[in-house]
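One chain is shown next in C-alpha coordinates, namely the form predicted alone.
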Amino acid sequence: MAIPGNKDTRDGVLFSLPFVLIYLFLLVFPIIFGLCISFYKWDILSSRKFIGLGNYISLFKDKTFYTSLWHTFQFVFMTTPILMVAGFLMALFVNSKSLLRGAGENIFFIPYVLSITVIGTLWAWLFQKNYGLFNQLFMLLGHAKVGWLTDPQKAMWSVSAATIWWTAGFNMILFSAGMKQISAEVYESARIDGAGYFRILKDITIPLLRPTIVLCLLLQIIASFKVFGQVFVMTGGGPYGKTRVLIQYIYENGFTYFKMGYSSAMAYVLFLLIMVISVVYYKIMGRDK
(Lines give C-alpha, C1' and ligand atoms only; values in the text may rest on other atoms or scores of the structure.)
Protein backbone atom coordinates (compact mmCIF):
# COMPACT_ATOMS: atom_id res chain seq x y z
CA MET A 1 0.00 0.00 0.00
CA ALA A 2 3.06 2.24 0.24
CA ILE A 3 3.57 4.91 -2.42
CA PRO A 4 6.59 4.07 -4.70
CA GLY A 5 9.68 5.64 -3.20
CA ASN A 6 7.95 6.17 0.10
CA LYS A 7 8.21 3.33 2.64
CA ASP A 8 5.73 4.94 5.01
CA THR A 9 2.47 2.98 4.55
CA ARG A 10 0.54 5.62 6.44
CA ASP A 11 0.33 7.74 3.27
CA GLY A 12 -1.23 4.85 1.36
CA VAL A 13 -3.72 4.23 4.12
CA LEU A 14 -4.56 7.92 4.35
CA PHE A 15 -5.15 8.33 0.61
CA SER A 16 -7.21 5.14 0.27
CA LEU A 17 -9.29 5.76 3.37
CA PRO A 18 -11.94 8.02 1.69
CA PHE A 19 -12.55 5.45 -1.03
CA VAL A 20 -12.73 2.59 1.48
CA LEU A 21 -15.23 4.48 3.66
CA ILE A 22 -17.42 5.38 0.69
CA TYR A 23 -17.21 1.81 -0.60
CA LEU A 24 -18.24 0.40 2.78
CA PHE A 25 -21.05 2.92 3.25
CA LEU A 26 -22.55 2.89 -0.25
CA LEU A 27 -21.97 -0.72 -1.30
CA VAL A 28 -21.11 -3.14 1.50
CA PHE A 29 -23.54 -1.75 4.08
CA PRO A 30 -26.61 -1.71 1.72
CA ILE A 31 -25.84 -5.29 0.63
CA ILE A 32 -25.67 -6.58 4.20
CA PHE A 33 -28.58 -4.45 5.40
CA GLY A 34 -30.74 -5.57 2.46
CA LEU A 35 -30.04 -9.22 3.24
CA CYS A 36 -30.92 -8.68 6.91
CA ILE A 37 -34.25 -6.96 6.29
CA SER A 38 -35.26 -9.65 3.79
CA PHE A 39 -35.88 -11.79 6.89
CA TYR A 40 -38.15 -9.16 8.46
CA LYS A 41 -41.65 -7.83 7.94
CA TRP A 42 -41.06 -4.08 7.85
CA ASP A 43 -42.97 -1.08 6.48
CA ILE A 44 -40.42 1.60 7.58
CA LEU A 45 -43.00 3.38 9.80
CA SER A 46 -43.23 0.62 12.42
CA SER A 47 -40.66 -1.61 14.10
CA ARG A 48 -39.27 -4.63 12.28
CA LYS A 49 -40.72 -8.10 12.96
CA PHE A 50 -38.48 -11.12 12.32
CA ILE A 51 -40.25 -13.73 10.15
CA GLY A 52 -37.28 -15.83 9.00
CA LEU A 53 -37.80 -17.15 5.48
CA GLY A 54 -41.40 -15.90 5.42
CA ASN A 55 -40.75 -13.34 2.68
CA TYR A 56 -39.02 -15.93 0.48
CA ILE A 57 -41.86 -18.43 1.00
CA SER A 58 -44.48 -15.78 0.14
CA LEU A 59 -42.45 -14.73 -2.86
CA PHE A 60 -42.55 -18.17 -4.47
CA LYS A 61 -46.35 -18.22 -4.06
CA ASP A 62 -46.76 -14.80 -5.68
CA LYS A 63 -48.08 -15.04 -9.26
CA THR A 64 -47.10 -11.43 -10.03
CA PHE A 65 -43.50 -12.27 -9.09
CA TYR A 66 -43.46 -15.08 -11.66
CA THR A 67 -45.05 -12.95 -14.38
CA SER A 68 -42.61 -10.10 -13.66
CA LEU A 69 -39.69 -12.52 -13.80
CA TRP A 70 -41.02 -13.96 -17.06
CA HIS A 71 -41.33 -10.48 -18.57
CA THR A 72 -37.72 -9.83 -17.54
CA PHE A 73 -36.60 -12.99 -19.32
CA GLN A 74 -38.66 -11.96 -22.35
CA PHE A 75 -36.85 -8.63 -22.45
CA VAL A 76 -33.45 -10.36 -22.15
CA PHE A 77 -34.27 -12.74 -25.01
CA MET A 78 -35.65 -9.93 -27.20
CA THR A 79 -32.77 -7.49 -26.79
CA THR A 80 -29.57 -9.44 -26.17
CA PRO A 81 -29.12 -11.20 -29.57
CA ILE A 82 -30.00 -8.05 -31.53
CA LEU A 83 -27.75 -5.84 -29.42
CA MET A 84 -24.84 -8.24 -29.84
CA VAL A 85 -25.22 -8.40 -33.63
CA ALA A 86 -25.88 -4.65 -33.96
CA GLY A 87 -22.85 -3.75 -31.83
CA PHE A 88 -20.65 -6.10 -33.83
CA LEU A 89 -21.79 -4.71 -37.20
CA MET A 90 -21.30 -1.15 -35.96
CA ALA A 91 -17.78 -2.03 -34.79
CA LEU A 92 -16.98 -3.54 -38.20
CA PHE A 93 -18.08 -0.29 -39.84
CA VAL A 94 -16.09 2.02 -37.57
CA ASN A 95 -12.99 -0.19 -38.04
CA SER A 96 -13.36 -0.23 -41.82
CA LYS A 97 -11.65 2.11 -44.27
CA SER A 98 -14.86 4.04 -44.91
CA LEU A 99 -14.54 7.83 -44.90
CA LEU A 100 -17.69 7.92 -42.73
CA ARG A 101 -16.32 5.71 -39.95
CA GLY A 102 -15.54 8.67 -37.67
CA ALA A 103 -19.00 10.16 -38.08
CA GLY A 104 -20.55 6.73 -37.72
CA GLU A 105 -18.79 6.13 -34.39
CA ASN A 106 -20.19 9.38 -32.98
CA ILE A 107 -23.68 8.78 -34.35
CA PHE A 108 -23.82 5.22 -33.00
CA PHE A 109 -22.57 6.20 -29.53
CA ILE A 110 -24.44 9.49 -28.96
CA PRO A 111 -27.73 7.81 -27.86
CA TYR A 112 -25.87 6.02 -25.06
CA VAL A 113 -24.87 9.29 -23.35
CA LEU A 114 -28.50 10.41 -23.07
CA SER A 115 -30.34 9.79 -19.81
CA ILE A 116 -32.99 7.10 -19.51
CA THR A 117 -35.64 9.78 -18.90
CA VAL A 118 -34.82 11.46 -22.21
CA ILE A 119 -34.78 8.14 -24.07
CA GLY A 120 -38.05 6.97 -22.54
CA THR A 121 -39.87 10.23 -23.16
CA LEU A 122 -38.56 10.52 -26.73
CA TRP A 123 -39.62 7.02 -27.72
CA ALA A 124 -42.95 7.33 -25.91
CA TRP A 125 -43.69 10.32 -28.16
CA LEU A 126 -42.54 8.46 -31.27
CA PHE A 127 -44.76 5.49 -30.38
CA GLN A 128 -47.77 7.60 -29.33
CA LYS A 129 -50.89 6.18 -30.98
CA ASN A 130 -52.62 9.35 -32.23
CA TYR A 131 -49.84 11.78 -33.14
CA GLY A 132 -46.62 9.74 -32.84
CA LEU A 133 -44.21 9.83 -35.78
CA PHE A 134 -44.43 6.11 -36.56
CA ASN A 135 -48.21 6.07 -36.76
CA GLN A 136 -48.18 9.26 -38.87
CA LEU A 137 -45.91 7.48 -41.36
CA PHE A 138 -48.16 4.40 -41.25
CA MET A 139 -51.22 6.52 -41.99
CA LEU A 140 -49.47 8.20 -44.94
CA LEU A 141 -48.88 4.70 -46.34
CA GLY A 142 -52.55 3.86 -45.88
CA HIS A 143 -52.22 1.65 -42.78
CA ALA A 144 -54.27 1.87 -39.59
CA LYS A 145 -52.87 3.22 -36.34
CA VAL A 146 -50.87 0.79 -34.20
CA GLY A 147 -50.98 0.77 -30.41
CA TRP A 148 -47.23 0.42 -29.99
CA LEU A 149 -47.39 0.95 -26.24
CA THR A 150 -51.04 0.02 -25.61
CA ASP A 151 -51.24 -3.31 -27.43
CA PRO A 152 -50.18 -6.14 -25.04
CA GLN A 153 -48.59 -8.01 -27.95
CA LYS A 154 -46.46 -5.07 -29.09
CA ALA A 155 -45.61 -3.10 -25.93
CA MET A 156 -42.56 -5.14 -24.89
CA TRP A 157 -41.23 -5.10 -28.45
CA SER A 158 -41.57 -1.31 -28.49
CA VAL A 159 -39.63 -0.98 -25.23
CA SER A 160 -37.01 -3.36 -26.62
CA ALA A 161 -36.65 -1.27 -29.81
CA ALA A 162 -36.00 1.86 -27.75
CA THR A 163 -33.43 -0.01 -25.65
CA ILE A 164 -31.62 -1.37 -28.69
CA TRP A 165 -31.35 2.14 -30.19
CA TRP A 166 -30.12 3.47 -26.87
CA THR A 167 -27.47 0.90 -25.85
CA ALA A 168 -26.10 -0.68 -29.05
CA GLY A 169 -23.36 1.96 -29.12
CA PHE A 170 -21.87 0.65 -25.87
CA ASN A 171 -21.43 -2.82 -27.37
CA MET A 172 -19.87 -1.18 -30.43
CA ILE A 173 -17.19 0.39 -28.22
CA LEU A 174 -16.33 -2.98 -26.64
CA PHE A 175 -16.21 -4.81 -29.98
CA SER A 176 -14.26 -1.99 -31.59
CA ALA A 177 -11.65 -2.08 -28.80
CA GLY A 178 -11.32 -5.85 -29.24
CA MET A 179 -10.88 -5.55 -33.01
CA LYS A 180 -8.14 -2.94 -32.61
CA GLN A 181 -6.14 -5.38 -30.47
CA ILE A 182 -5.92 -7.91 -33.31
CA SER A 183 -2.54 -7.58 -34.99
CA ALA A 184 -2.53 -6.04 -38.47
CA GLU A 185 0.13 -8.61 -39.49
CA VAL A 186 -2.40 -11.40 -39.02
CA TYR A 187 -4.78 -9.75 -41.49
CA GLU A 188 -1.95 -9.01 -43.91
CA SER A 189 -0.78 -12.63 -43.85
CA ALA A 190 -4.32 -13.82 -44.53
CA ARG A 191 -4.67 -11.47 -47.50
CA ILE A 192 -1.33 -12.63 -48.93
CA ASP A 193 -2.65 -16.19 -48.69
CA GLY A 194 -5.67 -15.12 -50.73
CA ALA A 195 -8.34 -14.96 -48.02
CA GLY A 196 -11.30 -12.71 -48.82
CA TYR A 197 -13.21 -10.38 -46.51
CA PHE A 198 -15.75 -12.91 -45.26
CA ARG A 199 -13.12 -15.65 -44.85
CA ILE A 200 -11.02 -13.30 -42.71
CA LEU A 201 -14.10 -12.31 -40.73
CA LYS A 202 -15.09 -15.94 -40.10
CA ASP A 203 -11.66 -17.46 -39.42
CA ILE A 204 -9.72 -14.58 -37.84
CA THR A 205 -11.84 -11.72 -36.52
CA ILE A 206 -14.58 -13.68 -34.78
CA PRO A 207 -12.33 -16.38 -33.19
CA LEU A 208 -9.82 -13.80 -31.90
CA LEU A 209 -12.67 -11.66 -30.65
CA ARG A 210 -14.18 -14.45 -28.56
CA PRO A 211 -13.12 -13.10 -25.11
CA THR A 212 -14.67 -9.75 -26.02
CA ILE A 213 -17.82 -11.47 -27.25
CA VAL A 214 -18.15 -13.40 -23.97
CA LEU A 215 -17.55 -10.23 -21.92
CA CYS A 216 -20.02 -8.23 -23.99
CA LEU A 217 -22.62 -10.99 -23.73
CA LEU A 218 -22.31 -11.15 -19.95
CA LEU A 219 -22.56 -7.39 -19.49
CA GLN A 220 -25.51 -7.26 -21.84
CA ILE A 221 -27.44 -10.01 -20.05
CA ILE A 222 -26.82 -8.42 -16.64
CA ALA A 223 -27.89 -5.00 -17.94
CA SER A 224 -31.03 -6.50 -19.50
CA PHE A 225 -31.96 -8.25 -16.25
CA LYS A 226 -31.77 -4.87 -14.52
CA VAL A 227 -34.13 -3.14 -16.97
CA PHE A 228 -36.45 -0.66 -15.30
CA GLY A 229 -36.18 3.00 -16.34
CA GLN A 230 -37.36 2.76 -19.94
CA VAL A 231 -40.24 0.46 -18.96
CA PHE A 232 -41.30 2.77 -16.14
CA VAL A 233 -41.23 5.89 -18.34
CA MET A 234 -42.72 4.41 -21.52
CA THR A 235 -45.45 2.07 -20.23
CA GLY A 236 -45.42 2.15 -16.44
CA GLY A 237 -45.57 -1.65 -16.61
CA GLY A 238 -48.72 -1.73 -18.74
CA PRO A 239 -50.79 -2.52 -20.63
CA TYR A 240 -52.37 -4.95 -18.16
CA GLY A 241 -48.99 -5.53 -16.53
CA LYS A 242 -47.56 -7.05 -19.74
CA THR A 243 -44.32 -5.06 -19.46
CA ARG A 244 -43.93 -5.11 -15.69
CA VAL A 245 -40.40 -6.42 -15.10
CA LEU A 246 -38.91 -7.71 -11.87
CA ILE A 247 -37.07 -4.51 -10.92
CA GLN A 248 -40.30 -2.55 -11.28
CA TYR A 249 -42.14 -5.06 -9.06
CA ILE A 250 -39.35 -4.73 -6.48
CA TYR A 251 -39.67 -0.93 -6.68
CA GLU A 252 -43.47 -1.05 -6.29
CA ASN A 253 -43.30 -3.29 -3.22
CA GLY A 254 -40.52 -1.29 -1.62
CA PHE A 255 -41.45 2.32 -2.35
CA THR A 256 -45.18 2.20 -3.11
CA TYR A 257 -46.43 -0.41 -0.63
CA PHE A 258 -43.46 -0.10 1.80
CA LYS A 259 -42.95 -3.87 1.97
CA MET A 260 -39.23 -3.44 2.49
CA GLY A 261 -38.51 -7.00 3.59
CA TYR A 262 -40.48 -8.52 0.74
CA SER A 263 -38.85 -6.31 -1.89
CA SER A 264 -35.40 -7.11 -0.44
CA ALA A 265 -36.12 -10.84 -0.74
CA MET A 266 -37.01 -10.39 -4.42
CA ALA A 267 -33.88 -8.30 -4.95
CA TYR A 268 -31.76 -11.12 -3.56
CA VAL A 269 -33.42 -13.67 -5.83
CA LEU A 270 -32.48 -11.44 -8.77
CA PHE A 271 -28.97 -11.12 -7.34
CA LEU A 272 -28.65 -14.92 -7.25
CA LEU A 273 -29.78 -15.17 -10.86
CA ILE A 274 -27.15 -12.66 -11.96
CA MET A 275 -24.51 -14.41 -9.84
CA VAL A 276 -25.25 -17.74 -11.57
CA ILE A 277 -24.72 -16.05 -14.94
CA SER A 278 -21.44 -14.57 -13.69
CA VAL A 279 -20.22 -18.01 -12.57
CA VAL A 280 -21.04 -19.43 -16.01
CA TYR A 281 -19.08 -16.57 -17.54
CA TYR A 282 -15.98 -17.25 -15.47
CA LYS A 283 -16.17 -20.95 -16.31
CA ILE A 284 -16.28 -20.09 -20.01
CA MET A 285 -13.31 -17.76 -19.65
CA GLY A 286 -11.42 -20.37 -17.68
CA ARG A 287 -12.04 -22.91 -20.42
CA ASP A 288 -10.64 -20.46 -22.98
CA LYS A 289 -7.45 -20.06 -20.96
Partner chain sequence: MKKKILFIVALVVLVLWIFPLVWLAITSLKLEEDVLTDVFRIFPKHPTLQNYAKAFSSTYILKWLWNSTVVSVVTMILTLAVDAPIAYAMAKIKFRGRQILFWFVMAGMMIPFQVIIIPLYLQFNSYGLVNTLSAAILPRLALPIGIFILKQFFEGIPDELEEAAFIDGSGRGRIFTTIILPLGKSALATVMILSFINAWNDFLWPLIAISDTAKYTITVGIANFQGVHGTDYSLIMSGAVIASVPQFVFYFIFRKKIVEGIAMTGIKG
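If you superpose the two forms and keep the largest set of C-alpha atoms that fall within 1.5 Å, you have the rigid core. Residue numbers count along the first chain shown, from 1. What you see is a predicted model; the values in this text were computed from it and never measured.
There is another form of this protein, the form predicted in complex with its partner chain, and it is not shown here; the text below is about that form.
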_Partner contact for residue 50 in the predicted bound form: its partner chain, 4.5 angstroms, heavy atom_ = no
*Please run the contact check for residue 153 against its partner chain in the predicted bound form: heavy atoms, 4.5 angstroms, yes or no?*
no
_Since only the chain is shown here, I'm wondering whether residue 75 would be in contact with its partner chain in the predicted bound form (any heavy atom pair within 4.5 Å)._
no
_is_contact(residue 167, its partner chain) in the predicted bound form, heavy atom dist at most 4.5 Å_ = yes
*its partner chain isn't shown here, but in the predicted bound form which of 200, 85, 186, 177 has a heavy atom within 4.5 Å of it?*
177
*Of the options 65, 40, 232, 56, which one has a non-hydrogen atom that comes within 4.5 Å of its partner chain in the predicted bound form?*
232
*Determine which one of 188-196, 92-100, 203-211, 67-75 lies within 4.5 Å of its partner chain in the predicted bound form, judging by heavy atom distances; exactly one does.*
92-100
*For the stretch 207-240, which residues lie within 4.5 Å of its partner chain in the predicted bound form by non-hydrogen atom distance?*
219, 220, 223, 226, 228, 229, 232, 233
_Could you check, with the core superposed, whether the Cα atom of residue 271 shifts 2 Å or more between the shown form and the other one?_
no
